[in-house]
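As structure tokens, one chain now follows by itself in the form predicted alone.
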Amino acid sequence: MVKTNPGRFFEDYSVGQVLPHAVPRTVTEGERGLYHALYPARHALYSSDEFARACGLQESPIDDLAAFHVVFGKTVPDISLNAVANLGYAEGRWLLPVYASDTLRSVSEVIGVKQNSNGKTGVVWVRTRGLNQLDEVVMEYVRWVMVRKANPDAPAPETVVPELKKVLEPSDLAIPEGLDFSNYDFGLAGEPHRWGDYEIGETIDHVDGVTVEEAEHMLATRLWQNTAKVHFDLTFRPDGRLIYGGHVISMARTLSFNGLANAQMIVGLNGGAHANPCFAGDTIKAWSEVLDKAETGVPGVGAIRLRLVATKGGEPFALKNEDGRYQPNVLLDLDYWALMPI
């Protein structure tokens, strides 16, 4: 009996499969400390218990993206161990804050499959849910991954491409119970700019840059137990270990503090693409575009839809070429909803 896990290949997936992922993990304050050391995150709601309590929460939650990385990492051995690339995201919703001492686990359902024309790979769509110790769903998202076939002669499955929302409606967003920005302290948060100060179509150059080092990437992927071979094993990627896409997302989000310090909580992920690979030595910079705004009906709380673009050099605000392809220096194109004081 073979006891090791070679990971699933494209022909191993079928629509309707439910994949419960190992291993549950209790999140601690150490998670926050490591996350802030790696990026370093500065949004006040995730940095200070007192600031969070003043905004109606019981204490400072774990960063939304740190919780996402925990949930995502659990799925890798079952979904993307043999992936060529993670292609995109949709319908992501943060439904409950995650606090230190919460225990998270992940479950995914296969909702689509499509073999590529080369017959060697295929795309798999999954909907993943992260649950806490009370079996409450704290977040959910769809992602699609290009996965190798173990046997190129294996018959192609019937193509099923799921219909996904291109954009979450404001009514789809979950506002944490008790959240209230009526007495929000802009001085402590770091910037005076509130929801009403941003205009749809406005672009923001976040100015700063961070050069990615091999060591921090390896620490991050191990922290979240992301075992995808392209991140560790040079025999799978001889041109260099591919930097985990979540590392790029978190770095870009942290850089966005300069200009969006009051975009406190990420509550929705409309879409995302890892446009080009990132390797150690690349310098990540970021810019944002305001795509939409909405009121939430919660005291002092507005929703702002943002495009976050991470690049490795080049001028800000350049996204795609005339042929519609991403510029070669664009690493990430992320479309998300955040909560901001009105």
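Counting begins at 1, following the sequence as shown. Keep in mind it's a predicted model, so treat the numbers as computed, not measured.
Another form, the form predicted together with a further copy of the same chain, is not on view; read the next lines as being about it.
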118, 163 and 178 - do all three of these have some heavy atom no more than 4.5 Å from a further copy of the same chain in the predicted bound form? no
For residue 46, is any heavy atom within 4.5 Å of a further copy of the same chain in the predicted bound form, or not? yes
Even though the partner isn't displayed, in the predicted bound form is residue 34 close enough to a further copy of the same chain, meaning a heavy atom within 4.5 Å? yes
Test of understanding: in the predicted bound form, would residue 222 fall inside 4.5 Å of a further copy of the same chain by heavy atoms? yes
Give a yes or no for residue 200: in the predicted bound form, does one of its heavy atoms lie within 4.5 Å of a heavy atom belonging to a further copy of the same chain? no
Check each of 131, 204, 83, 242 and return the one that places a heavy atom within 4.5 angstroms of a further copy of the same chain in the predicted bound form. 204
Name the residue from 95, 210, 150, 167 that puts a heavy atom within 4.5 Å of a further copy of the same chain in the predicted bound form. 210
Stretch in contact in the predicted bound form with a further copy of the same chain, which is absent here, among 257 to 265, 139 to 147, 119 to 127, 87 to 95 (heavy atoms within 4.5 Å): 257 to 265
Using a 4.5 Å heavy atom cutoff, which residues in 12 to 40 contact a further copy of the same chain in the predicted bound form? It's fine if the answer is none. 21, 22, 23, 24, 25, 26, 28, 29, 30, 31, 32, 33, 34, 36, 37, 38, 39, 40
